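First, one chain by itself in structure tokens, the form predicted alone.
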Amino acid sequence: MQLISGKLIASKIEAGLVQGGSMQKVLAIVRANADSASAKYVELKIAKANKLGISTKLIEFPDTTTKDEVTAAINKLNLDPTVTGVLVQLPLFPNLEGFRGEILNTIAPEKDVDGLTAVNQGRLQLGESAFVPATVGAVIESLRFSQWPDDYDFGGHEAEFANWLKGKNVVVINHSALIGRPLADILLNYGCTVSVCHEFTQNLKALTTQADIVVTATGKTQLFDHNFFKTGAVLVDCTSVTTPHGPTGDIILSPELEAKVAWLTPVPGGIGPVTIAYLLRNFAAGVN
């Protein structure tokens, strides 16, 4: 088993952003939750953006805030010409979760750097130009790295990559609008056979043991051992949960797993850093 280096992929993406020159526009982050993991993730985004010369604006709301207050703030950002990218950090406060779709769709599609508005998700489904959700983009780039680890470049080898993906049997264990559904759309457009699984899927192992590629994002951690995968599979683990023993993912590491699968994204150091870099790449593409 070889590891897919998220840090190397992220550094390649970030190098391209630095080469693009100074960015005077602003990335606005709207946070309306009390989730500690989310707060840490926002800190990482801001720190990385600032390191790359990208200005940020953080707008935080208390737990007493209303849906109308959040959408009003987003509309103000839509009208601000200095703000080129807007994202809403999820999850939302419990009283706002029922309005998640309305809140996300308030973001102007051209500023939707997280790719979560209905407009961008619809364009993605149709194979049209759209902002790709950052974690989804990170998965695609991780798969690309698995084929050209010594010659990886963002978006590189596209013709060969498309040919490699064509006909692959892929299992995605997540059906959210943040990861599973848009990822399935992209993989279908590449010609993959995709099974989107979730908590109600029966006999999951029968699907994963036949898959060339497995992408898992349950958020639960330590669910799948080597018996769930076939020999030579490529595994992308999008889960990262902080435990007393450090961050862990969905996939259980073992000598048996290492001897069986071809590639795996580590936790930490896998999908996480690529997701942040891809988000900032989306922002840069919007600016340009």
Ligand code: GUN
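Since we're looking at a predicted model, the values are computed, not measured. Just count from 1 along the sequence shown to find any residue number.
There is another form of this protein, the form predicted in complex with this ligand, and it is not shown here; the text below is about that form.
Though the partner is left out of this view, D114 does reach within 4.5 Å of this ligand in the model of the complex, counting heavy atoms only. For the chain shown alone, V88 is a contact residue for this ligand in the model of the complex, at least one non-hydrogen atom being within 4.5 angstroms.
Shown alone here, L178 lies within 4.5 Å of this ligand in the model of the complex, counting heavy atoms only.
Contact annotation for K45: at least one heavy atom lies within 4.5 Å of this ligand in the model of the complex. In short, of 80 to 88, 169 to 177, 186 to 194, 152 to 160 it is 80 to 88 that has heavy atoms within 4.5 Å of this ligand in the model of the complex.
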